[in-house]
Ligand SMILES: Cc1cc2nc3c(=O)[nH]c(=O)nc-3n(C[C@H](O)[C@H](O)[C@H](O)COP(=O)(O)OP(=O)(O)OC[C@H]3O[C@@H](n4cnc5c(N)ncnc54)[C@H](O)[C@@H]3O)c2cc1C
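Only one chain is given next, in structure tokens, and it is the form predicted on its own.
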Amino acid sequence: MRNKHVAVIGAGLAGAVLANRLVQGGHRVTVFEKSRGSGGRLAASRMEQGSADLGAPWLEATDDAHYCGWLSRLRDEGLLLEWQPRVCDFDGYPQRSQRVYLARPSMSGLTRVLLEGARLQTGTRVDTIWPEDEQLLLRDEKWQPIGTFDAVVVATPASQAVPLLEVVPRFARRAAAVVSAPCWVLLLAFSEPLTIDADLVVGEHPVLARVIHDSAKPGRNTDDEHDIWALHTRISWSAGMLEQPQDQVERQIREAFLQQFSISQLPVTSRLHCWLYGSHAVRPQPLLWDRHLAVGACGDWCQPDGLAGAWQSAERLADRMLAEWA
């Protein structure tokens, strides 16, 4: 069978993993991303004092041997670094630490590597998938045609996937049933190192879910003159602040952090972002692939375990597509 031209909508981890597998299988892949770059929840943010991970701070090993094998291979190839952060709780008591995996120069660097060989078209919002003459036509939000493809895979968050998957109603219903939860992330850069004796702080706190010393991560191209911390908020608190002005949200997160650790130094710069789809209540779903229309979907809303679930979903879908087209 001839090689296929596949459109992947979304350049986060799931979309990048799927694109990588299809390219390795000899197929042509175009990846559409509405943002300015790849990464999704692996995104990084440039700051005046360097850059830092704005989304997922690392990849964690799981009980899935295949996923852990993939992480180990990327480590052996020099694409990932292992790190074992020093951990304490919000009361200052040391906690058990586990090794995690970091991409460099930021987490989004992993998706850039995976997308090599695929065509990445950023700043493009796909609005509609339409069957036409045994192919699939994509249109943007202005109803302008983007291109025709042999197959299309939606690798966006569930709520964004719903209108795209209307071409396969059962997939759209599955995406619409996913319950997502938000998370605010605030990056703070300080001119002098903070005296917090940990790289990761977790535990019970009314506002903060975890505090990460981004500048402590190995292999990062950060400004050594500044100390950057990433503050992730609790789901319950995050949801209650969605309608609040961003300056008020930032102020409350910043004050919670400064008060918790008795910090008198003020940050020199900051960056706030709300991940509306930071986590999901997921019911594992059988493979989302319609072989007759050649439309599929993958992502962390299809499988549990967050980023590991995104990888598993993309790998499983790639296995099916490549097997059918062999």
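Heads up: residue numbers just count along the shown sequence, starting at 1. Please read all numbers here as calculations on a predicted model, not as lab measurements.
The discussion below concerns the form predicted in complex with the ligand, not included here.
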query: Proximity to the ligand in the predicted complex (heavy atom, within 4.5 Å), stretch among 234-242, 117-125, 167-175, 102-110; finding: 117-125
query: 4.5 angstroms heavy atom contact with the ligand in the predicted complex for residue 160; finding: yes
query: Close approach of residue 306 to the ligand in the predicted complex, 4.5 Å, heavy atom; finding: yes
query: The ligand contact at residue 60 in the predicted complex, heavy atom, 4.5 Å; finding: yes
query: 4.5 Å heavy atom contact, residue 310 and the ligand in the predicted complex; finding: yes
query: Site test, 33, 41 and 275 vs the ligand in the predicted complex, non-hydrogen atom cutoff 4.5 Å; finding: yes
query: Residues within 4.5 Å of the ligand in the predicted complex, restricted to 182-219 and counted by heavy atom; finding: 183, 185, 210
